[in-house]
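Below are two forms of the same protein chain, given as C-alpha cells: structure 1, then structure 2.
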Structure 1
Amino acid sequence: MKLMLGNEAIARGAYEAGVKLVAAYPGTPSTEVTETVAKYDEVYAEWAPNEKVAFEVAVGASYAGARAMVCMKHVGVNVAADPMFTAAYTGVNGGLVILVADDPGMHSSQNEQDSRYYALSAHIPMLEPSDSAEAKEFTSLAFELSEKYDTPVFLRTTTRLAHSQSFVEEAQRREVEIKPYAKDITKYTMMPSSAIGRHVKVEERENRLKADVESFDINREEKGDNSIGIVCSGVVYQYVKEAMPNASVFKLGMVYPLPIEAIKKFARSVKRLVVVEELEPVIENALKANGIECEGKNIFSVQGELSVAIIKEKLLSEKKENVSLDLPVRPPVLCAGCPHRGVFYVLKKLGLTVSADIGCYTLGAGAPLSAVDTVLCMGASIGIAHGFKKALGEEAAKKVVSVIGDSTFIHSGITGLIDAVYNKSNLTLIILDNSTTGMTGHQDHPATGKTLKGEPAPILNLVDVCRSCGAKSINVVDAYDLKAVENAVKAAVDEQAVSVVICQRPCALLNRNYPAPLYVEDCKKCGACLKIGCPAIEKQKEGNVIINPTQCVGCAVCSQLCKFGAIRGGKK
C-alpha cells in the first residue's frame, strides 16, 4: 500500500494497464498525471504545444493499435474539442482515455465549466472515481471499456481528488500487445459518406452501453435509512458518507451514460431522493428526464465546491458556527524577482491598455501594478487587441497592446499574430519569455530545449517564429532593464505595422543561485519602490522601507525606481 495523490494514482493505473503513449499540455489540476507517467521508462510521454495537438497524437497512437492517454484540465477540453468530437465517430483501435480535471471553485482557472456536458454532447462514456484507489482502478477500466466498445473514454476528476491523497495498492505492469492496424476508410476517414455511417455506429454503441451499465459494479447501492436516498459520484461521495453515514446512497462510478433502471429501483426504496453533485445539475436533469422525481439544485448551488459542512447544513440543518478570524488578506502576487513585474510597471507608467493572457502574468491585474485590462483564454490577448484596433481605428487604439507568455504564445498565440499581420494591423505584441511554463509548475515547452523526460530537444526560436509570421519589427530586451523595456515598447507602439517586443529573463525560481540581496540605506520614505509590489520590500510603521533578505533575489528592479540611490546591492 502506498499513499498517492489522485493524479499519481491515475498515472499508476495507466502504467499498469499497459499504456504506451501519454500526451498533454500542462494545466492545473491535471499536470501531475503526465509528470508522473514520464517517470516510467516503458511509457512515451510528451508535452505537446496545446491540448488539440496532444489529443491528435494520442489518437494516432490509438489508431496504430497502442493504448494511449491524453490529459488536460477542463478548459483544455475546449481546445481539444475539434478532434475529440470526431474521434467519437471513428472509435479506436488501441484503448484511448481522455483524462479531464475540472476545477469547482476555480482555484486555478478562469471559469467553472462542467466537463460532463462534453461526455453527453460527444456521446463519450465518462467514469468518475472518488478516491486515489478508484482513480487507479478506473483508469485501467477505462482502457478496457474503450477497446470493448470501440470508443474514447473520459476519466473525470476534480481539484480535490487530483490533489488529495489516499492509499493505493500497486500491481505489476501488464504488457498489452499492440493491435494490428488495418486500413479501413469507412472507420478512420471522416468525410461525409463515412461519417454518416459512423454516426449510426455511435448510436449503436451508446445503446449497448446504456444496457450494459445497469450491471456495472462501479455503480452500487448502499442501503441505509430509507427516509432519504442520495445519488452522487466522485469526491462528493466521500463528503456524503462523512456527513450522513446512515443515509441510503447510490454511488455512481460511471456518470455517462447513467444506469437509469437501477436508479429508478433505488428511488422506489427511499422516501426522498436527492442528487448531490458539484457544478451543473447534469445527473439531476438526466433523472428528471427519465421520470425520476428528485431534488438537487433547489438545495445546492451550481457554483463552487461542496463540503461535509455544506451537506450537513443543507440536508440536516446543522449549520456550522462561523469563526471570525482577524487575518490579513493575502492575495496571490508575482514572486520576488519575477521578470514580469518590471514590464507591467512600465506598461502602467505609459498608460497603455493591456490585453493579457493566461499565465503567471495574469497577476499583473492586481494592485499595485494594476496594469492588465482583459484576460479571456489561452492566446486570446492578441485577437482581443487586434479587435480593439479594428473597432476603434488604428490611431484611436494606438495604446492598446497585447501581452502573452512564451508557452502560451506557442500554445495558441501564433495564429493570432498571423491574423494581425494578414489583416494589416499595427498591433504591438509583448512576449514575456521566462523560459518555462511557469503557472503550472515549470514545465518545459518547445522553446526551452528540453522534452518532458528532460532530454535535449531542438529550441524553437521565438524571434524567427515572429519574423516568419510577418512581424516587421522585433526587439529583444532584458525584462529587468526598465529603461530598455520602456524604450522598446514606446518604439513598438509608434510602428505602423505589427511589432513585437520580447522581454527575456528566466523565471526567478528556475535557478536559485541568486546574487547577494539588496538593502536600503537612508530611506527617504518616498514610496517609489513600493509601486512594483515586490513581496521582498516591506514598509515599516515609521514609513521607511526595508528589503527582506530571505525574499530578495537581487534582481535590482527596485533600485531603478529609487531616485535617491537608497537601494544598494551587496551585503551591508
Structure 2
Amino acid sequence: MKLMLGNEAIARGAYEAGVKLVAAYPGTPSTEVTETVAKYDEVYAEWAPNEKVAFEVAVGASYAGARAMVCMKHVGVNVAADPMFTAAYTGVNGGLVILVADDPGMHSSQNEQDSRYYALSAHIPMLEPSDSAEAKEFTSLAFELSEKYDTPVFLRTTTRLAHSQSFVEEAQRREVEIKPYAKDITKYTMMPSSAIGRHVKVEERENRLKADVESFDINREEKGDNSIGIVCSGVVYQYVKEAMPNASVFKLGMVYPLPIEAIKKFARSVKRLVVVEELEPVIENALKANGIECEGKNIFSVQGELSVAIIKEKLLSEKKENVSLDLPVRPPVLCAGCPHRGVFYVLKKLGLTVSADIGCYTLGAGAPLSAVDTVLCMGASIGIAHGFKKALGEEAAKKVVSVIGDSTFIHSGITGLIDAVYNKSNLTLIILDNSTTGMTGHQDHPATGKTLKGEPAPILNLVDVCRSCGAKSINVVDAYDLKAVENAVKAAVDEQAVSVVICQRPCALLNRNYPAPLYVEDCKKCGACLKIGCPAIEKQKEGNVIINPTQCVGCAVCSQLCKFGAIRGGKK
C-alpha cells in the first residue's frame, strides 16, 4: 500500500489499464496526472499547446486502436469542447478517457463551472471517485466502459480529490492489444450523412447504459437511520460519512447517467431525501425530472466547497462559534526576482490600460503594482485589447495594451494576433517570455526546447511567429532592464500598426544559480523601491527599507528605482 494523490492514483490506474497515449495541457488541479503518467516508459505522453489539440491527439490514438487519455482542468473542456461533442458521436476504437478536474471554491481558477453539465449535454458517461483507491479503480473501469459502450468516458475529480492522498494498492500493468483500425466513414467521417446515423447510435448506447447502470456496483446504497437519506458522490461522500456516520447514503460512482430506478427505491426507504452536491444542482434536477421528490440547493449553496462543518450546520443544526482575529491577509504574490514584476511597474508608470491574461502574471493585479485592468480566460488579452481599441477613438485607444505569457500566447493567443493584424489594429502586444508555464508548476511548452518526456525538441521561435502573423515591429528586451522595457513599450504604443514587445528572462525559480543578494546602505526613505511589491524588500518602522537576504535573488530591478544609489550589490 502506498499513499498517493488522487492525481497520482489516476495516472497509476491508466498505466495499469494499459494506456498507450496521454495528451494534455497543464491546469491546476489536473496537472500531476500527466506528469506522473509520463514517468512510465510504456506510455507515450505529451504536452499539447492547448486542450483542443490534446483532445484531438487522444482521439487519433483511440481511432488507431490504442487506449488513450486526455487530461485538463474544468475550463480546459471549454477549449476542447468542439472535438469532444462530436467524438461522442464517432465513439472510440481503443478506450478513450477524458480526465476533467473541477475546482469548487476556485483555489486556482477563474470560475467554478460544473463539468457534469458537459456530460449531460454531450451524452458522455461520467465517473466520479471519492478517494485515491477509487480514483485508480475508476480509471481502469472508465477504459472498459469506453470500449464496451463505444463512447469517450469522463473521469471527474475536484481539487480535494486531486490533491488529497490516501492509500492505494498497486497492481501490474496489463498490456492491451492495439485494436485493428478499419476504415469506416459512417463512424469516423462526421459529415451530415454519417453523423445523422451516429446520433442514432448515441441514443441507443445511452439507453443501453441507462439500463445497465441500475446494477453497477460503483453505485451503492449504505443503509442506516431511515429518517434521512443522502444522495452524494465524490469527495462530498467522505464529508457526509464524517458528518453523519449513521445516515442512510446512496453513493454514486457514476454521476451520468444516473441509476434512477435504484435511487427511486432508496427514496422510498427514507423519510427525507437530500442531495448533497457541490456547485450546480445536477443530480437534484435529474431526480426531480424523474419525479423523485428531494431537497438540495434549497439548503446548500451553489457556490464554493462543501465541508463537514457545513453539512453538520445545515442538516443537524450543529454550529460552533468561530472567532475572527484581525490579521493581515497573505495573498499569493509574484516571487522575488520574478521577471514579470518590472514590466508591470513600467505599464503602471505609463498609465496604460492593461488587458492581461492568465498565468503568474495575473498577480500583477495585486497591490502595490495594481497594473492589470482585465483578465477573462486564456488568450483573451489580445482580442479584448483589439476590441477596446476598435470601440475607442484613436487617441484613447493608444492607452490600451495586451499582456500575455509565453505558454498562454501559444495556447490561444496566436489567432488573436492574426485577427488584430488582419483587421488593421494598432494593437500593442507584450509577451512575457519566462521560458516556462510558470503558474502550474513549470511545464515545458513548444518554445522551451524540451518535451514532457524530457527529450530535446525543436524550439518555436516567438519572434518568427509574430513576424509571420504580420506584426509590423517586434522588439525583444530583457525583462529586468526597466529602461529598455519602457522605451520599447513607448515605441510600440506610438506605432500605427500591430507591434510586439517580447520581454525575456527565465522564471526566477528555474535556474537557481543566483548572484549575491542586494543590500541597502544609507536609505533615504523615499519608498520608491516599495512600489514594485517585492517580497524581499521590507519597510522598517523607522521608514527605511532593508533587503531580506534569504529572499533576494539579486535581480536588481529595485536598484534601478533608487535615485540615491542606496541599493547595492547584485548584477549591474
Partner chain sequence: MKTNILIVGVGGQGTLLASRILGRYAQLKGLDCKLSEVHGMSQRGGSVVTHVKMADKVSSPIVALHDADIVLSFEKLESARYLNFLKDGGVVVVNTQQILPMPVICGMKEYPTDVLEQVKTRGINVVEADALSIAESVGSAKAVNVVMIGALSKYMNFDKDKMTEAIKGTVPPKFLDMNLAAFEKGYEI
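Reference numbering: structure 1, starting with residue 1. For the two forms, the rigid core is made up of the largest set of C-alpha atoms that agree within 1.5 Å on superposition. Note that the coordinates shown come from a computational prediction; the quantities given were computed from them, not determined experimentally.
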The chain seen in the form predicted on its own is the one numbered 1
Residue shift check between structure 1 and structure 2, rigid core fit, D326 Cα at least 2 Å: yes
